[in-house]
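Just one chain is shown here, as structure tokens, and it is the form predicted alone.
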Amino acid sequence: MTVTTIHPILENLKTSEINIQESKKALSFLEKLSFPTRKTEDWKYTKVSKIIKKKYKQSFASCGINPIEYINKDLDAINVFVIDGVYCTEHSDTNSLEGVFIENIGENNVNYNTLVNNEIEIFTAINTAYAVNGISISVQKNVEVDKPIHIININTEDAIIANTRTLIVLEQSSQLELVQSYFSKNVKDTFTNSVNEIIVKENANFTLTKLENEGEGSYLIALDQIKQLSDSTIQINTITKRQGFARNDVNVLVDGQNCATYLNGIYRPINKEHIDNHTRVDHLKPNCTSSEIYKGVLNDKSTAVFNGKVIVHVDAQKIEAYQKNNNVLISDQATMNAKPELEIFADDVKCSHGTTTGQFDKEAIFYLQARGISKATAKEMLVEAFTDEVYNEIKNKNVVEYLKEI
């Protein structure tokens, strides 16, 4: 059904049929919600005016193109395609893994929309209200998936809004690696509004690596909302290459003992690109560890934001939480805003955070130039050495080669 517009950018959009009741709830929340401004603390350094002033259209075609050119054979993955925000079953592999179910999110999926908060997050509410369909990935108990699942998102039309929705559930003692890539096909003014709900149950192991590469004319807002239970391990890697605007929220609710949480990121904006990474780790139970490493290389008139928050709740004793954000400004006109945060309400913890922003050592560049290396190549070598700390955290070297090749 089509509803009367609540906000101008939603004019003439058709509401979601993933779950009619949940989409109606989200619409009721949208009537009361406003878009964030510079006065909104979590959006202090990021303006959304360029996004919300535009009008968008939806796609309902299951697969408007043949996406075979986006398959990387060296990655050796199960490929799943989302074209203009619509899950494309025609070209996706869905039945080639034992103990893994890849399908549309059904009306009666009990885990759908249980982690996100549509009542206060306007872009999440938009996704719930207007997503055309969504992908459900469930891994059965004790199943260890021996190759990655690669979700490839491609926008093919100008001014498209792609409300992509993914629900991932790992049952006890299961293991899964997921790669999620974002591309566009020579288009502009596209808006990808992506929501991942991820449930990692007891003793499960989950890795998600995201590649954001839609180009300068594209806007991306991505939320990873994760809940992990006792003895589980998760790693979320966010790699932003070419993206006109990106806002990444990674929120982890650590709701069990003996959990390990690893969040990593690389962002390399150029021109006037803007990249904003927000992370939040809530430690609710004792005896857990978390580690964050985010590195940025900023050129031209680009801007970037890193805001990492770790909250150690009452009675969550013996927590070890570490956070590091390092940035290099290649241009004098680039701007970096960093805000690492710790909130600790327990007394037996080891927590630290730190951030640095600077420029490359001129002596190191001169040293390389003196050995016949051009200045541009010397800088690129230093960039590679600088970012390798994050790449080294990714265990699957095929994934690392895929990221570097892009």
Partner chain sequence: MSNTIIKIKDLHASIDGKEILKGVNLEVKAGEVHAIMGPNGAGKSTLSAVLAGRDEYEVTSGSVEFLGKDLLAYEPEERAWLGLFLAFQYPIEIAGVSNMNFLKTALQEKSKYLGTTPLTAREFLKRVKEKASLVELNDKLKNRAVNEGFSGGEKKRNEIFQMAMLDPKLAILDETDSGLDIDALRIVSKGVNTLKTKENATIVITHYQRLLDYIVPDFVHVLADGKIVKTGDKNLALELEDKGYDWI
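The shown structure was predicted, so the numbers you read here are calculated from the model rather than taken from an experiment. Positions refer to the first chain, counted from 1.
Below: the form predicted in complex with the partner chain, not depicted.
Contact with the partner chain, judged by heavy atoms within 4.5 Å in the model of the complex, is confined among 7-15, 394-402, 381-389, 20-28 to 381-389. For the marked spot (258, 260 and 284), a heavy atom within 4.5 Å of the partner chain in the model of the complex is absent from each of the three residues. Distance criterion of 4.5 Å from any heavy atom to the partner chain in the model of the complex singles out 375 from the list 32, 39, 53, 375. Of the candidates 346, 368, 342, 65, 368 is the one whose heavy atoms come within 4.5 Å of the partner chain in the model of the complex; the others do not. The partner chain in the model of the complex comes within 4.5 Å of no heavy atom belonging to residue 61. Residue contact check for residue 351: none of its heavy atoms lie within 4.5 Å of the partner chain in the model of the complex.
Among residues of the shown chain, residue 69 is not one whose heavy atoms approach the partner chain to within 4.5 Å in the model of the complex.
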